[in-house]
Ligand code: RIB
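Presented below, as structure tokens, is a lone chain in the form predicted alone.
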Amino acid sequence: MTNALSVLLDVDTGGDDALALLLAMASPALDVRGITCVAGNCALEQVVTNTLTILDALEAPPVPVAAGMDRPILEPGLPAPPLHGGDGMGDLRLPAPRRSRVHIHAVEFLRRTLADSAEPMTLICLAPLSNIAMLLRMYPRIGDKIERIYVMGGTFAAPGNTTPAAEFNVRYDPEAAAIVLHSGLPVTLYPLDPFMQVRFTKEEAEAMAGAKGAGARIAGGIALHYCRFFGMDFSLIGDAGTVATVIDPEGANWVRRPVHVDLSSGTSRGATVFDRRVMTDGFAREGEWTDVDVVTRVDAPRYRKLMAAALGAVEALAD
């Protein structure tokens, strides 16, 4: 694609990742070179099936999909969150996929794709970071072929969603998150703070679910599932906000702050701790700290319209 940003997506599809995939595949600003799957929102096999299902429903070009880590680096993993439904995508009962995954491990697929690229590529990571951490540990020089890593994960000032302190993607594999965030590579973190800001109303979701385009119908169906599950009159676009930030970075406000991933065995395990102090001279920090760019707020109306426009459903928006 001319002038499109070459990206690799790492997902644990899940409804929120499905929304992100819908946006990424629909946007002319992105050239998706491959999608890697990891356990998280669902078991790995379900993640792969859901990812292939979305691509089939969109009649997408033959984007390679690779299966990767089926558990965290050290822990056995967390139970699949019930909010995504029995199949992880709101139980929409989409047809079984016809396409297949590639028959190499996701870590090796990432290595080969990055190594073969003439220019450094951008990674959009919407899941536990097990695949990416293993890539960086096994092939440390591959970092030279990574332009930037966008990570949906952690919290900045918001509370956690899996524990009082920790967000799901980081808490699922804290060691992997620490490896990636402390790698020294350019990282933009999209934490729960902006994640909670961009939403569609139930009425807008209903309008999208009745639209002609497959992407809009799937997005509307997933949003309606979340409305029902939480008993709310709105649904978040979730991980799709991370993709929107890659497509339209001017819609995001961010700060650069030192971050530390809590790897303790206590109640704060998996927390992303940021040093938000104005004055730090003369005060020591314990543990490993690395500066990352943190998205703190986004232009929600702008990203709502970006998402709806990509899905051909602008008329579904109330404003």
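Position 1 is the first residue in the sequence shown; the rest follow in order. For clarity, every value in this text was computed on a predicted model and none was experimentally measured.
We do not show the form predicted together with the named molecule, though everything after this point is about it.
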May I ask you to choose, among Phe109, Phe195, Phe156, Tyr150, the residue with a heavy atom within 4.5 Å of the named molecule in the model of the complex? Phe195
How about Ser235 - does it come within 4.5 Å of the named molecule in the model of the complex, if we only consider non-hydrogen atoms? no
Look up in the model of the complex whether Asn169 has a non-hydrogen atom within 4.5 angstroms of the named molecule, and give yes or no. yes
Residue contact check: Met208 to the named molecule in the model of the complex, 4.5 Å heavy atom: no
Indicate whether the named molecule has at least one heavy atom within 4.5 Å of a heavy atom of Asn41 in the model of the complex. yes
Pick from 68-76, 161-169, 139-147, 116-124: which stretch has a heavy atom within 4.5 Å of the named molecule in the model of the complex? 161-169
With the partner left out here, which residues of 132-147 have a non-hydrogen atom within 4.5 Å of the named molecule in the model of the complex? none
